[in-house]
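Only one chain is shown below, in structure tokens, and it's the form predicted alone.
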Amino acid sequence: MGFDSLGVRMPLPPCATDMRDAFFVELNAIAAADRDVVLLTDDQGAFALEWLRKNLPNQYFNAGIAEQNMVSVAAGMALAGKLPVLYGIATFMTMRAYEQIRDDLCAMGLPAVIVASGAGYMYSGDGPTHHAVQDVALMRTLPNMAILNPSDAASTIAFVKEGCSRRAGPTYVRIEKGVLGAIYPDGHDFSRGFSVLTSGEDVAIAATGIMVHMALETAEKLRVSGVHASVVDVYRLKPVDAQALMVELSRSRYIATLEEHSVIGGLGSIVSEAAADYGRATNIKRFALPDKFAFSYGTREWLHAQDGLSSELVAKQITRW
């Protein structure tokens, strides 16, 4: 359920389990209850986004295809006591507006929620300009920035609440567009920053975002072959409780990371850094996108397979390892 501009509960659209629409339906409810919450977009569209525009017109601002300006406007709004939520395509939000995010939001410690659609190869057919495969690495370097990477509708809803409650700096939320299977029940406690989904003493697979689903499929294939894998969903990529994460991952003899991001600077780097800091720097294998541009065109799954990222291929590599 969501809320209209008068605070009355409204039925969700038929595609409510779509992660992007789940985010905006929850934002509708938050913005209806708090007039200081405002949405800025770079000329994007979505069912629930359009609903917010119609019901809360004074809290909706289309900045046009001008992400740099949009971030600076958001900073001004934050200084005036508003909580800006910025929505755009991940590559354009993080790369085109990087200087403004760094200087206007992070350096000033201003509250804002940057909602990035198009994680990884989501826009597979649009080529490298739309492949968000370096965004986590970029955002991780920024002081005061928090990063959340949901894997289903329930975690998406939880993270819009978390982002809108944070007042010490900006939050980057990397969301999917489309319907993914449910992993978490409503009301799940996400405060730890990661959740253990399955247990196994042979290998721990740390995954994030859409790849959590592939990790669960991989664990099932490994189980059939006699390898017992735990799956850990690392949804808070910054800040990370590195010590607690390594305690959990070290319950297994081997550690693998699985992500739809460059092998440089993403979850694999996060886990490797934690391992180095807390004395577990061996027996780690990273499954990620190679350090190159993807000029091939096909479905998201086809691009994954070209990079060795399918549950079958990952399970085979882990078994040989």
Partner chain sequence: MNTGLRDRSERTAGSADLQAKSRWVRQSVVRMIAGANRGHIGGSLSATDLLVALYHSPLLRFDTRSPLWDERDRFIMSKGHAVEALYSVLASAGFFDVELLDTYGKSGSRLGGHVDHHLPGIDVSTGSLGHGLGIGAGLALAGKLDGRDSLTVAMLGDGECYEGSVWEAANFAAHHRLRNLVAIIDRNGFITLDSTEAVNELEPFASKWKAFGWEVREFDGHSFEAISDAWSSVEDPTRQRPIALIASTIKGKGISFMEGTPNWHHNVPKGTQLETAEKDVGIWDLTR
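Residue numbers count along the first chain shown, from 1. Predicted model only: the values in this text are computed from it and were never measured.
There is also a form predicted together with the partner chain; it is not shown, and the following applies to it.
K.L.:
If you check M246, A137, V73, L180 against the partner chain in the model of the complex, which one has a heavy atom within 4.5 Å?
P.N.:
Checked against the cut-off, the match is V73.
K.L.:
So the partner chain isn't shown here. In the model of the complex, which residue out of K54, R253, K292, R35 has a non-hydrogen atom within 4.5 Å of it?
P.N.:
The option sitting close enough to the partner is R35.
K.L.:
Since the partner isn't included here, can you check whether the partner chain sits close to all of F61, Q100 and A107 in the model of the complex (heavy atom within 4.5 Å for each)?
P.N.:
Yes, the whole candidate spot contacts the partner chain.
K.L.:
Evaluate I30 for contact with the partner chain in the model of the complex, applying a 4.5 angstroms cut-off between non-hydrogen atoms, and reply yes or no.
P.N.:
Judged by the heavy-atom cut-off of 4.5 Å, I30 is well away from the partner chain in the model of the complex.
K.L.:
Although the partner isn't part of this model, could you tell me whether A168 comes within 4.5 Å of the partner chain in the model of the complex, counting any heavy atom of the residue?
P.N.:
Contact with the partner chain, no.
K.L.:
Quick check on A66: any heavy atom within 4.5 Å of the partner chain in the model of the complex?
P.N.:
Within the cut-off, so yes.
K.L.:
Is C164 part of the interface with the partner chain in the model of the complex - any heavy atom within 4.5 Å?
P.N.:
C164: no contact with the partner chain in the model of the complex.
K.L.:
Of the listed stretches (75 to 83, 234 to 242, 203 to 211, 119 to 127), which one has a non-hydrogen atom within 4.5 Å of the partner chain in the model of the complex?
P.N.:
It is the stretch 75 to 83.
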